[in-house]
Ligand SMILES: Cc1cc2nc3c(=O)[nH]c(=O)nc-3n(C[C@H](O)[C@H](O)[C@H](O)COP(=O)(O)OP(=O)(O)OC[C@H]3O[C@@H](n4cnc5c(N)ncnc54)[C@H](O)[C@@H]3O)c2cc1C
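Quick heads-up: it's one chain on its own, the form predicted on its own, in structure tokens.
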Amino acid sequence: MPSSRILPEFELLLPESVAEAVKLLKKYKDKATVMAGGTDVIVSGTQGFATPYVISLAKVSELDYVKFSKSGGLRIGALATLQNVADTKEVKANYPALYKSAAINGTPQTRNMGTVVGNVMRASPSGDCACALLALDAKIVFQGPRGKREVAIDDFFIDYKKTDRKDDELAVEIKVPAPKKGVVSAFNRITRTTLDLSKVNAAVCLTVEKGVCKSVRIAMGAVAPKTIRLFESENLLKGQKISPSILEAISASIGGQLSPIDDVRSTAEYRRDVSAVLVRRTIEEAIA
């Protein structure tokens, strides 16, 4: 579909509370698009993907927060920008994968407008924060006419840009579990240029005790229609002492779990070839 700098016509709705936003979603459902930072909605509009109504959350100040506690973990409101999250010292200290995925996401301008929740809700297979949060076992909190609902991120991504969100629900926050002793994480990506979307990305979250991997989550993006976990590789690593031979076995297991495509950013062959190296380096970075 050709791109244009001219946005299609739509009616902009400006609720001032979550309750008002939910009421509008109940009324318009799939005829409405929710906009937080707008970095994706506006671009999509210039490419012809538009709805008659856009519900902007700009005035819903109650959703602008990043909160952390050692017992409760991390909570990210729907209006918290990528830069807000990257600037939160507790994120950098306890969730290195999420910190890096936010800190290197796009340009300073987009990081100060785009939101972490929006990056996940966009459901692009190349989403950096989506990849990091899948590794970190996050949950998405929705609010709709029937009340609040929490969805594990494992169940959220269904297919290419298709998610478990109902069309009358508003994503209000993302929750990340509290950090536990021995838990480490890391995120890496490969791009055409520093500011481009990922050709391929990877994130890991491991629980390590005396060099042994007690639990593991390995996530990858831009190698399938949705952000995925590498369950076969996880099973190889879980319960094992992390060693060069184990990392070699994990590298060998990765290609068969991917279904990459050729597109404007890369080829399927390249994505398949570099994925094993990227995952290994990300594991090594996490345990370092």
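For every residue, the number given is its place in the sequence shown, counted from 1. Worth saying up front: this structure is predicted, and the values here are computed from it rather than measured.
There is also a form predicted together with the named molecule; it is not shown, and the following applies to it.
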property	result
Touches the named molecule in the model of the complex: residue 260 (any heavy atom, 4.5 Å)	no
Close approach of residue 189 to the named molecule in the model of the complex, 4.5 Å, heavy atom	yes
is_contact(residue 253, the named molecule) in the model of the complex, heavy atom dist at most 4.5 Å	no
The named molecule contact in the model of the complex: residue 230, any heavy atom under 4.5 Å	no
Among the candidates 236, 34, 60, 247, the residue which, in the model of the complex, approaches the named molecule to within 4.5 Å (heavy atoms)	34
Contact residue in the model of the complex, from 216, 136, 74, 82 (heavy atom within 4.5 Å of the named molecule)	82
Stretch in contact, per heavy atom within 4.5 angstroms of the named molecule in the model of the complex, of 85 to 93, 206 to 214, 146 to 154, 170 to 178	170 to 178
Within 4.5 Å of the named molecule in the model of the complex: residues from 140 to 167 (heavy atom criterion)	165
